[in-house]
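A single chain, nothing else alongside it, follows as structure tokens in the form predicted alone.
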Amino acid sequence: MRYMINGQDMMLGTCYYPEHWDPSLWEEDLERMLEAGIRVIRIAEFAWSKVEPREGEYTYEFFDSFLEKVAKTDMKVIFCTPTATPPAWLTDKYPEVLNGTMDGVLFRHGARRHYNYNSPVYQRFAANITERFASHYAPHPSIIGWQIDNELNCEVSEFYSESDSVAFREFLKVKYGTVEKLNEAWGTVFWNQTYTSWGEVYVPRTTISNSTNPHRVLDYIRFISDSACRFAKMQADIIRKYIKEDDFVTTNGIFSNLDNHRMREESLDFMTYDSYPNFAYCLDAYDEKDPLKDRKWSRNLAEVRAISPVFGIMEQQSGANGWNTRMEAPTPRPGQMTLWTMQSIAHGADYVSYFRWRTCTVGTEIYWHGILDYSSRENRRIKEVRDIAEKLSKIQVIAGAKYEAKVGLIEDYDNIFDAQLDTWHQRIDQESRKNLFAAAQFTHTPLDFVYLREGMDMDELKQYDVLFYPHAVILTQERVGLLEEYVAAGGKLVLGCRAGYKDRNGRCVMDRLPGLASSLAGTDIPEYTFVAPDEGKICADWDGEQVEAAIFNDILAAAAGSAEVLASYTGGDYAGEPALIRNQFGAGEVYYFGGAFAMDTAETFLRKLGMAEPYRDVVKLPACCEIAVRAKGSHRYLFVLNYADKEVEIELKAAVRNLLTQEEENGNVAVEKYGVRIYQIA
């Protein structure tokens, strides 16, 4: 069994940087961590020069010395490859390893993630340092796992070096074979963009008004993902030659322009995530109108869970955060460290590692505080960590349990990537995804993200009673076939506007809309329009209840005998026209809604489809509380998370055991501000 995510243990860790501190502090730090309940540390992700201080010159003394200290304790180590920050000697001598802007300005040494994945020179140096790290350190008994790089595609997820253009051409040659087929796929006849040789093809470059060929950009994003996946796999393959049998390979974070499922399947044993709910309170990002605030990180955790049902947190908020150049956010309030830790665990994390142990006194992240402040004195946060460790000791039984949900929100990388480059797609996608998740939160409806992938088995879909596919703009025969199988077997599928109007190249189809989904939805779309800014809110009447059809309106018509109109538009130029159609398909139903999903609309769908508040017979709680359930065998464990800055009351409908106190509770129960309750309900 792998040591950290093994279905048996929950544990705490922290990120530690021995290179930042005098060696005289190491032993004391390790002892204090263990005393606080921390059992794992992550090290070395930015420490290339500690092993290769100059090209071809290697010394292992520094980390050997540190690991000698570790070996005298019960502490375990996650070792990292240091490729996120290539050293100055490398970038100075080989500037071709650097990434740059679309205009060709190179990202010079002084920050991080300034390299590009496709430079043959960088690939050679990255493979070499990975081999050096793994071959020397992997046998060490204190090391239990490896992290590849650090936050792949973080901060910058676009690459414009000459090496990227060369690699992009090779990617396209494999995909299309000939320039003629590329021209056809990209529609290069438009604006006279036709290519006559591969040498004319580049990664996107600066154009007038930043206008682009959308089909080219869609393939470019796929290329970036492919590059990052190949870079991760190169390192994983090297590491696996040297690691001990039970050691693991992971990487941290989920970022844009990256097929995280492919990376997980090719290279990782499980995913780890960096969870910073305090970003919700950053001065430069605070959104007073966002109803979720720090609770929004549950959406990110649900995304991680879609990649790894049980996962780890490599960096969990522990102090104030900010760089000297940006981000100003407050210290977690008393109780919020516990709340955010349990938020991660409620969504499937069996390992939580705090960023960081000591707050750094030098560099860009001097304001990104850790558990300890600059002085290392005893403080409130380390006391809270001790209390969290005590809580974890009481819920070890939950380790390995899976998050339980009967509602799924469908995603796929084609539509995720397309929504980044297409403003028509982006606006409806962002609105609906945000509101569907928030509506699930406020109706206490556990929800999973469900990714449609090639070769996916229908068994992955049939565990959900209802699936939302809010804007299936790009559809394929394979995906439609999978959805037809799901619905025919009794599932309920909800589609939103703009379904099926593009193929995989992002080209608009000439079929009657909703294209490939027409038979499944039993719907025709003779006309469509954005909601004009002078029209105000456009609603539809659904059994006497008004639901907003936000942003965009498909004007619908029933196109099958099994289809019936459930709601019609009540305003605008299309008042009286169908806005919602239900189609019976096999044993199941498809609902096609002609708009994007506003918050109230999303809540109405959950309620009318019988999915809202599935645990209402167990507990009644206010909207400020999140509910989550993890299931293991015949046992189920219910988390109640209070995000409010005040005490609230919940009502338990029957006696259940509080795992944190081992006492039975029933009836009205007070939950303190930022408080957490964990109950065994079966």
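In case it trips you up, residue 1 is the first one in the sequence shown, and so on. These numbers were taken from a predicted model, which means no experiment stands behind them.
What comes next is about the form predicted in complex with beta-D-galactopyranose, which does not appear here.
**Request:** Tell me the stretch among 292 to 300, 586 to 594, 169 to 177, 150 to 158 that has any heavy atom within 4.5 angstroms of beta-D-galactopyranose in the predicted bound form.
**Result:** In the other structure, the partner sits against 150 to 158.
**Prompt:** in the predicted bound form, do 186, 223 and 413 all reach within 4.5 Å of beta-D-galactopyranose through at least one heavy atom apiece?
**Reply:** Looking in the predicted bound form, the three residues 186, 223 and 413 all stay beyond 4.5 Å of beta-D-galactopyranose (heavy atoms).
**Asked** Is there a non-hydrogen atom of residue 164 within 4.5 angstroms of a non-hydrogen atom of beta-D-galactopyranose in the predicted bound form?
**Response** Because no heavy atom of residue 164 falls inside 4.5 Å of beta-D-galactopyranose in the predicted bound form, the answer is no.
**Asked** Heavy atom to heavy atom, is residue 17 within 4.5 Å of beta-D-galactopyranose in the predicted bound form?
**Response** Result yes; residue 17 sits at the interface with beta-D-galactopyranose in the predicted bound form.
**Asked** Is residue 46 a contact residue for beta-D-galactopyranose in the predicted bound form, using a 4.5 Å heavy atom cut-off?
**Response** Answer yes; at least one heavy atom of residue 46 falls within 4.5 Å of beta-D-galactopyranose in the predicted bound form.
**Request:** Flag residue 323 as yes or no: does it have a non-hydrogen atom within 4.5 angstroms of any non-hydrogen atom of beta-D-galactopyranose in the predicted bound form?
**Result:** Residue 323 belongs to the contact set for beta-D-galactopyranose.
**Message:** I need to confirm a contact call. Of 274, 503, 577, 484, which residue comes within 4.5 Å of beta-D-galactopyranose in the predicted bound form, counting heavy atoms only?
**Reply:** Here the answer is residue option 274.
**Message:** Using a 4.5 Å heavy atom cut-off, which residue among 219, 315, 429, 418 comes into contact with beta-D-galactopyranose in the predicted bound form?
**Reply:** Comparing distances to beta-D-galactopyranose in the predicted bound form, the residue within 4.5 Å is 315.
**Asked** So which bits of 111 to 131 sit within 4.5 Å of beta-D-galactopyranose in the predicted bound form, heavy atoms only?
**Response** Sequence-ordered list has one entry, 112.
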